[in-house]
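Starting off, we have a lone chain in the form predicted on its own, written out as structure tokens.
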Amino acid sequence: MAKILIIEDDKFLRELMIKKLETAGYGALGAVDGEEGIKKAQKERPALILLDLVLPGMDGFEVLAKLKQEKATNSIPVVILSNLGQQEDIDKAAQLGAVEYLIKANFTPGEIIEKIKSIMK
């Protein structure tokens, strides 16, 4: 079973996405901030990481950069899931190695799962 790590400080959204992923047949892990997310990514080696950009402590861009610098985590696809929709944010995420950038307001949890499925193929 493929594991997906969700790094999201919003408890409601994090738990909702975990439930949706589990219903879709994935293993799901949650992390409340970047530091916890990086540790879990190194330990669990998820098949994909869903990453929010606005996080307490280090922001999602810093987390993404760190994940891509580490040999243990640099090959894990990272999907940004954020409320930030500025083109500069989207470009920065792509430069840092994100495979997809989803703006929260534009996607239902079900649509996010469909995106994950297509990336995982």
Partner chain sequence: MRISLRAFILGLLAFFVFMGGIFVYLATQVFYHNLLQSAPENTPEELLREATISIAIQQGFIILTMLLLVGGILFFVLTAFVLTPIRKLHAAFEKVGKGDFDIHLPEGPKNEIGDLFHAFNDMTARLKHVKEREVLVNRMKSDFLSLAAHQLRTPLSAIKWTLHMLIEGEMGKLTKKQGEFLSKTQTSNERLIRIVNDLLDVTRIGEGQYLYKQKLVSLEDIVRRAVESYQEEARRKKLKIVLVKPPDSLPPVFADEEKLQLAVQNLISNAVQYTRQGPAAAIEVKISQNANRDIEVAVQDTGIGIPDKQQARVFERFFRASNARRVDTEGSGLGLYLVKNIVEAHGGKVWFVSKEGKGSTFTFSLPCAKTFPGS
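It should be emphasised that the depicted structure is a prediction, and the values quoted were computed from it without experimental measurement. Numbering follows the first chain given and starts at 1.
Absent from the display: the form predicted together with the partner chain. The rest refers to it.
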Checklist outcome for this item: TL;DR on 76-84, 27-35, 41-49, 56-64: the one with heavy atoms within 4.5 Å of the partner chain in the predicted complex is 76-84
Next on the checklist: Within 4.5 Å, heavy atoms only: does Val99 come near the partner chain in the predicted complex?
Outcome noted: no
Checklist entry - Does any residue in 75-111 get within 4.5 Å of the partner chain in the predicted complex, counting heavy atoms only, and if so which ones? => result Leu81, Asn83, Leu84, Gly85, Gln86, Gln87, Glu88, Asp91, Ile103, Lys104, Ala105, Asn106, Phe107, Thr108, Pro109
